[in-house]
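There is one chain below, alone, in structure tokens, taken in the form predicted alone.
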């Protein structure tokens, strides 16, 4: 074995997630759900959405705001009996590429951020009609009704002051008032809830919704009991802590905005996969397995994106990126090996948590279960969707045929519009 092979083998062992490890993660995840459901301290939550699954008869035109990362999107959506169409949409970054503004920074303000959001939504509204808005807000929140929720903490390296602990709905509605807009925010939901709504709207058998993209989170339909109505519950599963971290995960966590939080998300979410690969590559360079020039190209934290990883792993599928590191052919091959390790582990960890939820819902897996997944990793990273399904089969070799994983079409946008339709039709939202 060459020195380079030895270095890569050590890294492979550091990130290993064998079948037994995945089964333990599944069991621990299920147990954390039970602990949370009992009202005891857990790394998971059972946050109420105040929404149940759609019945398929939601119709009309609704606005949707998708705010789940550093790029925000507004849409005008038409719904009609389990079909949907996006009539207009616009997106804009919270950080200007030329540095003219940064609404995610500590020197920004809540008013500036929400005025920006209100202007974006207003740009897709047509005429002077009253529009009802579904707002996908994909951060940990304490929700007390469909339209009232307080931000618990920012994630995804956003640090805008004046929002944590505040009512997100009130902040946005105040921004609409400053614009003299007739838009009414009817419901606030997590993007996983939107994913479940969108997937269930198209396929009524879906009962779990998940995001595998920039961040990672999962929700499920709680069937309810003892007088509790059925409801979709957001687990904030990115904060799951009963998972072993590698030396690279600990290094990334220590340098993050909030060390110790969102442990699973930092191992699964696309925001972080490139950085884990970069740190591994720098260690490989220190061990002589990567060239000095390659190390120089990778010295800047977060210089590797998931798009870069996809290119290194599957160069035949892509044109060479205009931006990002330009490594030698040999260095690209080494980074590709590392990227495969990190991305495969991401899919396997996510799959293990899905099995944990299935065990919570149906311990013996006597029924057929469907999981709707959205997000850039699932939809755009070659091989990721197949690795999710393969990992479920590995964990549940005798029952894997009872579990389907399907793509959810634009859960953050379409799902938000469906939520607005449910809220307006049933008149759940606050007047």
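Since this is a predicted model, take the numbers as computed values, not measurements. Positions refer to the first chain, counted from 1.
Keep in mind the form predicted together with ligand BGC is missing from the figure; the text below concerns it.
Only one listed stretch (224-232, 189-197, 91-99, 352-360) carries heavy atoms within 4.5 Å of ligand BGC in the predicted bound form, and that stretch is 189-197.
In the predicted bound form, at least one heavy atom of residue 156 sits within 4.5 Å of ligand BGC. In the predicted bound form, ligand BGC lies within 4.5 Å of some heavy atom of residue 140. Ligand BGC in the predicted bound form is approached by residue 215, whose closest heavy atom lies within 4.5 angstroms of it. Using a 4.5 angstroms threshold between heavy atoms, residue 211 counts as touching ligand BGC in the predicted bound form.
Remark: none of the three candidate residues (275, 306 and 308) comes within 4.5 Å of ligand BGC in the predicted bound form, counting heavy atoms only. Of the candidates 249, 332, 297, 265, 265 is the one whose heavy atoms come within 4.5 Å of ligand BGC in the predicted bound form; the others do not. Taking ligand BGC as positioned in the predicted bound form, the only residue of 235-253 that brings a heavy atom within 4.5 Å of it is 236.
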